Structure formats: C-alpha cells, structure tokens
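Before any questions on binding or motion, here is one chain by itself as structure tokens, the form predicted on its own.
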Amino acid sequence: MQDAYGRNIEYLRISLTDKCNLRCRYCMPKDGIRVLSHEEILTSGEIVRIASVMHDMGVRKVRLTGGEPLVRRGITDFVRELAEIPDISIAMTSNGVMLGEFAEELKEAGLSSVNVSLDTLNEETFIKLTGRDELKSVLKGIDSAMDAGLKVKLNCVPIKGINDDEIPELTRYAGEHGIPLRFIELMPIGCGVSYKGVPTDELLKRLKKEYGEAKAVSLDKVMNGDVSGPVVYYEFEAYKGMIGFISPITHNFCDGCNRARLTAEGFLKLCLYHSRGIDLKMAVRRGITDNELAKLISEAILNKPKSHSFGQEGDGDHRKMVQIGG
C-alpha cells in the first residue's frame, strides 16, 4: 500500500482509548478532557477487522496506544484476537503504571514489545509532570515486562526547566538495565505548545561530553527484521547500550514516513499533525464489505500529506495529544 509519494504504509498505530490514568502536562490538561463514550469508540471486533484488512494491504506492524491502552477493559483478550492475524507484529506504548499487572499475560497473548514513557526518575518531578504519585509502579512495570520476555524500550521527552537536567541519570538507568532509551523532541501539539523541548543536536552535544564520541547504528542491527520507525540510534564510546533520537522538529523524517493512525473513535488519521483522514467507524457500521473498506482506505492513503507543518499555519489538528493517540 503506497501513498501518492511512493511511501510504503506498513505501520498502523491504533489508539484504543482516550482515557489515561496520568495527567502528563504536555499531553492532557490538568482538569482532563471529555472522554469518549463507550458507543463512540471502536469495538475490539471493529478494530481487528480494520487491522486485518490493512494487513492484507501491506501493514506488517501495529502499535497499541492511547490515552493509556492498559486502561481499556479486556486488553489481553483483544491482543490475543489481534494476534490471530498471520505474521503481524504487535507492539504497545504505555505509561507503565499498570504494566506490572498485565505484562505476563500480554506476552502470552501475543504482544512482542512495549515502549514505556519515562521522563524522570525523581518522584517529585514525576508528580509535577504527571499529577500522580506512580513512579514506583512504572519502575515495577518495566521490571515485570523484562521478566516476561517482552522487548522493552524507554521513551523520554526532555522539557527545558522540568526534566532536562536528568539526562545523565536516565541514561545511566537505561544502560544499567540494558534497555534502549529514546529521546523524543517535544511536539507543539495541544498542551505541548506551552512548553519548550530540547533539540536533538543539543542532547547529542551533552551526551558526547558525558560518554565520548557517538556513532550512528545501522537500522538492520537495531530492528532485526522488524518494521522501522523514525528513530536514529547511536552508540557512545563510554556507554553500554544504545541511545535513540526521534527528531520531528529539527530533523524532519516525513519523506520516510511509513505509518497511519487509527484513533479511538475510528478515524484513519494520515499524519500526526494534519487533521485530514477518513471516518472508518461510520463506514464499518453501515455494513461496508472488506473489499469496499480496502478501497476506501487505499483512496484515503493517497491523500496522506507530504510533510507535517509544525510551526506553520495550516490544517493542523488542534486536539490534545491524548485525544489524537500517542
């Protein structure tokens, strides 16, 4: 399945819910949002059907997001049902709070990997960032995921004046646990416009002072046959492990974008920034056939924007990140 620019769309991010058990400052307003009703979100069966049709069209990997995907009732049964699609890789992005409870059964159900958001190792900063005292639960969840045999990666969004002084501590934690750590540039979406992120080049400069010279790692070595994302990994002279950078602002990677997003309410979103896409929920609920659904998706993919337009006027999605899907 290709878009109008010849990019192969093989990666589908599925938001299972807009509910979350944290209140991360750059993702959700302090007072929360109006969450979708049960009737407004896709059922598990509808999600699996859409994923199956898109798999037949070339999608090889799905990533379950939210909100927080683990707050969705029946998550393990859903993963098990999704895993019945042949030769599909199932990953998840989680805040880790409930991961200790679900890690083993998720692995057994067919989940292969989990990316855990970890912006700080300081309890006071964690509460300041998330509005909840759950750091111990997150760290327990990371340990449980590793014990269960899931591939674990850590995601950190450095924010100036909040957690950017913790870069050395976070890298040491990841290195000691043998977990790849990825730094993600803060995107000016929703609540994120109120904060200032740290550019990748600045982070690299800091890390080189700490760990010596850096060398980019080939994707073949990192992905081991898995569908690649936008991350660029580096190895450092005096650091055990890999540190990755996802740089949508300073190092635009749109020319290699291989993904689409399915929001919790069933909207096939073609770009994280842009609002364009198509409502698949209404199509599915009016009785469309799989062939008709595939045609609808294919036509929509041809309208995938060439690039995001962060920092410019345009058809940006003005919702909060938790409503769009991480």
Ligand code: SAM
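Please read these numbers as outputs of a predicted model, since none were measured by experiment. Heads up: residue numbers just count along the shown sequence, starting at 1.
Absent from the display: the form predicted in complex with the ligand. The rest refers to it.
Open item on the list: Using a 4.5 Å heavy atom cut-off, which of 66-74, 297-305, 274-282, 43-51 contacts the ligand in the predicted bound form?
Closed with: It is 66-74 that comes within 4.5 Å of the partner.
Open item on the list: Using a 4.5 Å heavy atom cut-off, which residue among Thr200, Asn163, Thr93, Ser144 comes into contact with the ligand in the predicted bound form?
Closed with: Contact with the ligand in the predicted bound form is made by Thr93 alone.
Task: Partner-contacting position among Val79, Ala148, Met98, Met187 - heavy atom within 4.5 Å of the ligand in the predicted bound form - done: It is Met187.
Task: Interface membership of Ser117, the ligand in the predicted bound form, 4.5 Å heavy atom rule - done: So Ser117 counts as contacting the ligand.
TODO: May I ask you to check whether Ser89 falls inside a 4.5 Å heavy atom distance of the ligand in the predicted bound form?
DONE: Ser89 lies outside the contact set for the ligand.
Task: Partner proximity in the predicted bound form: Tyr26 to the ligand, non-hydrogen atom cutoff 4.5 Å - done: Yes, Tyr26 lies within 4.5 Å of the ligand in the predicted bound form.
TODO: Please check if Gly244 has a heavy atom lying within 4.5 Å of any heavy atom of the ligand in the predicted bound form.
DONE: No, Gly244 sits far enough from the ligand in the predicted bound form that none of its heavy atoms falls within 4.5 Å.
- [ ] May I ask you to list the residues of 144-167 that have any heavy atom within 4.5 angstroms of the ligand in the predicted bound form, in sequence order?
- [x] Sequence-ordered list: Asn155, Val157.
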